[in-house]
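As structure tokens, one chain now follows by itself in the form predicted on its own.
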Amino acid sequence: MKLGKGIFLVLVLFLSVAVFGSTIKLALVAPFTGLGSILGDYIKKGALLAVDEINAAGGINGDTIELAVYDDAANPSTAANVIRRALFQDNAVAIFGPNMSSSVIGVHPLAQQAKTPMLVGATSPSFRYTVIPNDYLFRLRADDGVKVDNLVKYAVEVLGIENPGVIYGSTDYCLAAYEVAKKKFAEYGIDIAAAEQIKEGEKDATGQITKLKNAGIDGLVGLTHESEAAVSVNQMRQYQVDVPIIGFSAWGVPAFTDLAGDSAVGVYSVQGFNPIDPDPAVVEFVEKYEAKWDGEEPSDPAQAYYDGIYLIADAIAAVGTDGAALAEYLADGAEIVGVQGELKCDEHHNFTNVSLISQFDGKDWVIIDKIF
């Protein structure tokens, strides 16, 4: 059969797209409902910003990134279902998330089974590579083994806390951080005066705050999610427990300060990211994020997933889309400079150990120290 010139050109263009413009499928799994949903939008927008930038610059060796976004509802069972779909139906080259530590613990073997890299922003030290040696699991933020060590060091050496109280949540994220805090305080020869648990979703901490106050604490360490942090701080102020308050990463984001209001003023936090950080890479990221998302300011962990997309793009450009080759490259060969500084996989499969000590002044988190 003889083809007309117009039809021939259409076929040539189609074949060119098929051969030279393939699609690389990635998947993002984050909480848009349920516990932690207040962070899902930041995660998605950080990742999509990077995807759009890479595609606009020509993609990865001419191929376009396609990002499928799934809601895991911060639930390990839901996370397992959507990750199975991403891995075995979508054939995603890499999975980003989950962002909740309890979900990561439940689903990371799926990535190992599929031989597909999983890059997460969850921060529990309980799934460090040295604890759970999964060659396909990587972390995009400093874990709380690092952050809580820095928290306790600042609490003791700078704030002078000698009789600490702790309020902590019931997820792995909180429980693992509490174990780190106990061990670090013990290194200083300090016993925790009182430790009280507030379960996720609780709206009243009267009993816990009363027990902490009666224990004569001279400082409070907060190891909860954002909502419970706000409840705890509001009631610390209500019951006039006037001591320094320092929390880990969930206490250093707008999701906490928006809920806590004026009660958050003066609170310290160990952060993974601060949008007023004068580092040029942070300034550039904030400007691009705000320009794309109608002036909205980014919050941790947006920067981690933005960096993560660039990490996997670097890996794919270097070794292709085979999962085993990607995991090996991420572990041993990947090294880029991102929003969080130099990103290189360490023995725990963490790509960064950056954390900041900051204090909330009612408007911004004022950076006191940046620790690498």
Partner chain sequence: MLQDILQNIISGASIGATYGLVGLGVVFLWLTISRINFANISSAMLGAYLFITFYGMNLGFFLSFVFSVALIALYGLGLRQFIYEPIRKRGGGRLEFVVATLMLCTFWLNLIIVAYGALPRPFPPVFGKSTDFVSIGSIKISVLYLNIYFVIAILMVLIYILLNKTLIGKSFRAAAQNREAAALMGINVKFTTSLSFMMATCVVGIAGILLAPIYFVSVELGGGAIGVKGFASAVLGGLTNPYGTILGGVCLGVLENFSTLYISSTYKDVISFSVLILVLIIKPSGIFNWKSKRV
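Residue numbers count along the first chain shown, from 1. Since the model is a prediction, treat every value here as computed from it, not as a measurement.
One more form of this protein should be noted, the form predicted together with the partner chain, which is absent from this view; the next part is about it.
Undergrad: Determine whether any heavy atom of L35 comes within 4.5 Å of a heavy atom of the partner chain in the model of the complex, and answer yes or no.
TA: Contact check for L35: yes, within 4.5 Å of the partner chain in the model of the complex.
Undergrad: Answer yes if any heavy atom of E228 is within 4.5 Å of a heavy atom of the partner chain in the model of the complex; otherwise answer no.
TA: It does: once the partner chain is placed as it appears in the model of the complex, E228 has a heavy atom within 4.5 Å of it.
Undergrad: How about V93: is it within 4.5 Å of the partner chain in the model of the complex, going by heavy atoms?
TA: Result no; V93 lies far from the partner chain in the model of the complex.
Undergrad: With the partner left out of view, is G201 within 4.5 angstroms of the partner chain in the model of the complex by any non-hydrogen atom?
TA: Looking in the model of the complex, residue contacts with the partner chain include G201, since a heavy atom lies within 4.5 Å.
Undergrad: Just one stretch in 287-295, 237-245, 274-282, 145-153 has heavy atoms within 4.5 Å of the partner chain in the model of the complex, so which one is it?
TA: Among the listed stretches, the partner-contacting one is 237-245.
Undergrad: Pick from L259, I192, V265, V158: which has a non-hydrogen atom within 4.5 Å of the partner chain in the model of the complex?
TA: It is L259 that has a heavy atom within 4.5 Å of the partner.
Undergrad: Have a look at L137, A181, I217, A255 for me and say which one sits with a heavy atom within 4.5 Å of the partner chain in the model of the complex.
TA: Going through each option in turn, the one that passes is A255.
Undergrad: So which bits of 192-213 sit within 4.5 Å of the partner chain in the model of the complex, heavy atoms only?
TA: Heavy-atom contacts within 4.5 Å come from E196, Q197, K199, G201, E202, K203, D204, T206, G207, Q208, T210, K211.
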